[in-house]
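First, one chain by itself: the form predicted on its own, in structure tokens.
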């Protein structure tokens, strides 16, 4: 093919990974599919023809990538399947603590239900620990270098949690691992990776041996930069990078403020409990004021409980989502860097080949076409994963913010109801006192 001619981008279609000819593998065959005996160029997974023209400006792209203010106008992910069409369901639950002479660790039950022919059984149930999930992610990143791999929760103890075996920490990690595995299982390419199949089905996961099927697929990406330097990143990918930087700053600011709010709430809660205790102890010396004093103490206790629930929800539900997306941003930036390295290699090899062709009129080397395939595959896969990530992000943050609003409303309603009941009690006490004075 002509190096300068535009080509369709590599497909990310839903098919077994063993049947996918990845452009980063050592295979010599060109990327094409055969339909009715005729070869056709590969398009995106949704069938949309590839557009090779660049957008008018980076700023216009950047505006299009902004978090939509109108969440109801969200465009659905073209790769998101309905529940009826999904054929792989995974769940992470039932954490258990294991204590041995050498170490103490937590395992989680991983349950799988599927109708895929790649699986021998319709249901599986295995137990995995954190390092098994970490092994899976590394294998996915190595074998699918052009795709965005969902992040895992941090390996070490999270901020504010001292004991990694505490119920709070284990519950938060379990939810994060469940979300990670569900994202992988819902991906049209990653879900067919043989390493995922092994993770879901093999009782004793031999991580040292691993699977060799795709072990070398990502090797060409790790060192492609060489002595090349990227001339200019395409505008659409520049817009992605700018968006990631801006979004990261917003998340960092929200996280810092939320941590400060939690600390101040904790200090306020300590003072509020002491404040309520004063009214409880006061009852012993003021029998005539017993009911009002007990009422105030009860209102303060209710307010303490509502405030404590609000803080727990922020720690267990709100902040983990922020941290997940901070890690997600790093994953996307990593894929962007790999894409840039692949483009830099292609530009360098193309320039060298053009110089040689001008000197001795030699044909364009096959390696240049392979490099072009790599770049096009990166572009196609990254664009598809980017749209999927944007759709998931809008859905996640819509749920997160709606849940935060509901919890705040419920918290204040509990406190309001308690204090309103105190007013009724005081009014009844006043009526009783007037009646006794009249008699």
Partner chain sequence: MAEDGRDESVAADDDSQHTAEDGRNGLNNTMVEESPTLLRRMEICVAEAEKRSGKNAVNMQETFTVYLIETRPMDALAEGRNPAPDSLWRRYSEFELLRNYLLVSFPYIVVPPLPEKRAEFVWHKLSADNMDPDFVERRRVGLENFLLRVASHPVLSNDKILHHFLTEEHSWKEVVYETGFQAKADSRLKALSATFRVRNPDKRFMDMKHYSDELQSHTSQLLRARARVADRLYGVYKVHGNYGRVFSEWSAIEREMGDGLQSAGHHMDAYAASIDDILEEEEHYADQLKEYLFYAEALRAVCRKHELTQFELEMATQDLISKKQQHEELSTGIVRTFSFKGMTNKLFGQEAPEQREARLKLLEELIEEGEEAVKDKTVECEEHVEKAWVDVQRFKEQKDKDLREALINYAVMQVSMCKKGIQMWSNAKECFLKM
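Residue numbers count along the first chain shown, from 1. Just so we're clear, the structure is a prediction, and the values are computed from it rather than from any experiment.
From this point on, the text means the form predicted in complex with the partner chain, which you will not see here.
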Practice task
Could you work out which of 180, 119, 247, 135 is the residue within 4.5 angstroms of the partner chain in the predicted bound form, going by heavy atoms?
Solution key: 247
Problem - Option touching the partner chain, based on a heavy atom within 4.5 Å in the predicted bound form, out of 106, 354, 238, 254 - result: 254
Practice task
From the candidate stretches 264 to 272, 189 to 197, 326 to 334, 147 to 155, select the single one in contact with the partner chain in the predicted bound form, where contact means a heavy atom within 4.5 Å.
Solution key: 264 to 272
Practice task
Verify the contact flag for residue 89: yes if a non-hydrogen atom of it lies within 4.5 Å of a non-hydrogen atom of the partner chain in the predicted bound form, no if not.
Solution key: no
Exercise for the section: Look up in the predicted bound form whether residue 289 has a non-hydrogen atom within 4.5 angstroms of the partner chain, and give yes or no. Expected result: yes
Practice task
Tell me, yes or no, whether residue 165 is in contact with the partner chain in the predicted bound form, where a contact means a heavy atom of each within 4.5 Å.
Solution key: no
Exercise for the section: Report yes if any heavy atom of residue 130 sits within 4.5 Å of a heavy atom of the partner chain in the predicted bound form; otherwise report no. Expected result: no
Handout entry: 293, 394 and 404 each touching the partner chain in the predicted bound form (heavy atom, 4.5 Å)
Key = yes
Exercise for the section: Select from 405 to 421 the residues with a non-hydrogen atom within 4.5 Å of the partner chain in the predicted bound form and write them out in sequence order. Expected result: 405, 406, 408, 409, 412, 413, 415, 416, 419, 420
